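Let's start with one chain on its own, the form predicted alone, as structure tokens.
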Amino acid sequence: MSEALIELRNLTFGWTRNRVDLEIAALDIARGERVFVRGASGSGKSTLLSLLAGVNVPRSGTLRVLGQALGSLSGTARDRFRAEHIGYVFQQFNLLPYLSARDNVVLGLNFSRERATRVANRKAMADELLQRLGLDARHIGALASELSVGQQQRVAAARALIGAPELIIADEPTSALDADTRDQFLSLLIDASTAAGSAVLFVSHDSGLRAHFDTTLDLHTLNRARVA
């Protein structure tokens, strides 16, 4: 089995026909690698994530995730691929407020047969992940709407990790946290992803986070299009 998780060559993408918003000559990320993607607003972070997650496809060039050329798949097939292989931690967490922390975590397994087969007991695994990420046991059954921002963040991370997807994408998930809480969460996320065997692609404008990762990518330098 190839050790490559992501292979990108001569990729271009534009949100409109006459504009190029992202142009990257080459990018390789290995299985299990922890990568920090740094970039100011307009550097191409959101555009890159939309491509890696299969939401959009390249205009030209190649992009392979786990050996699969995402541009060759239909929209439905890309959605299925994302559910099976990618866990996503959104900046706003995107939890369902009327579900408990535990139920938010297991919800994603309903859309991923492959990840679900790796979980013998959904409730037990959700509780284990939530506890490993520092959520107090008394909050696991609480509604997401009753949790603090830091607690919701842990639920979002556990939801991404359950079923051990090969790739975790975290899109500015610490932007609303203070420095101490941020660093604690990052340590927990890295430990949990390592235990699951998942690679982490963590996106932020905060360069102070890079010490937690194996590799740092600067999108302003990497993106030849230099999005304004």
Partner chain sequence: MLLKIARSSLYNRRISALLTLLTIAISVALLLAVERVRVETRNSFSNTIAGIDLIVGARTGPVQLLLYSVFRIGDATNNIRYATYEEIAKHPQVAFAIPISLGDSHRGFRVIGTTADYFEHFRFGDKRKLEFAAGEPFADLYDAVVGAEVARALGYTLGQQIVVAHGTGRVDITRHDDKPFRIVGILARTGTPVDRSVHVSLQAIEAIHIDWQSGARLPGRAVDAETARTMDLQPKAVTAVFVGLKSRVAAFSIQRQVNDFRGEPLLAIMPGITLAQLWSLIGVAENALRLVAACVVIAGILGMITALVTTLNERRREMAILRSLGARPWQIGLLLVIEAAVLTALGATVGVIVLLLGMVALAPWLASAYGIFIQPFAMGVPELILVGAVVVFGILAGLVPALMAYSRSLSDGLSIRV
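Positions refer to the first chain, counted from 1. Since the model is a prediction, treat every value here as computed from it, not as a measurement.
The same protein also has a form predicted together with the partner chain, omitted here; what follows describes it.
Using a 4.5 angstroms limit between non-hydrogen atoms, residue 132 is distant from the partner chain in the predicted complex.
The partner chain is not shown here, and in the predicted complex it never comes within 4.5 Å of any heavy atom of residue 195. The shortest heavy atom separation between residue 76 and the partner chain in the predicted complex is within 4.5 Å. In the predicted complex, the partner chain lies farther than 4.5 Å from every heavy atom of residue 148. A heavy atom within 4.5 Å of the partner chain in the predicted complex is found for exactly one of 125, 144, 140, 83: 83. Heavy atoms within 4.5 Å of the partner chain in the predicted complex map, among the stretches 180-188, 195-203, 63-71, 49-57, onto 49-57 alone. Residues 90, 92, 94, 95, 96, 98, 99, 103, 107, 108, 110, 111 are the ones in 88-124 with at least one heavy atom within 4.5 Å of the partner chain in the predicted complex, listed in sequence order.
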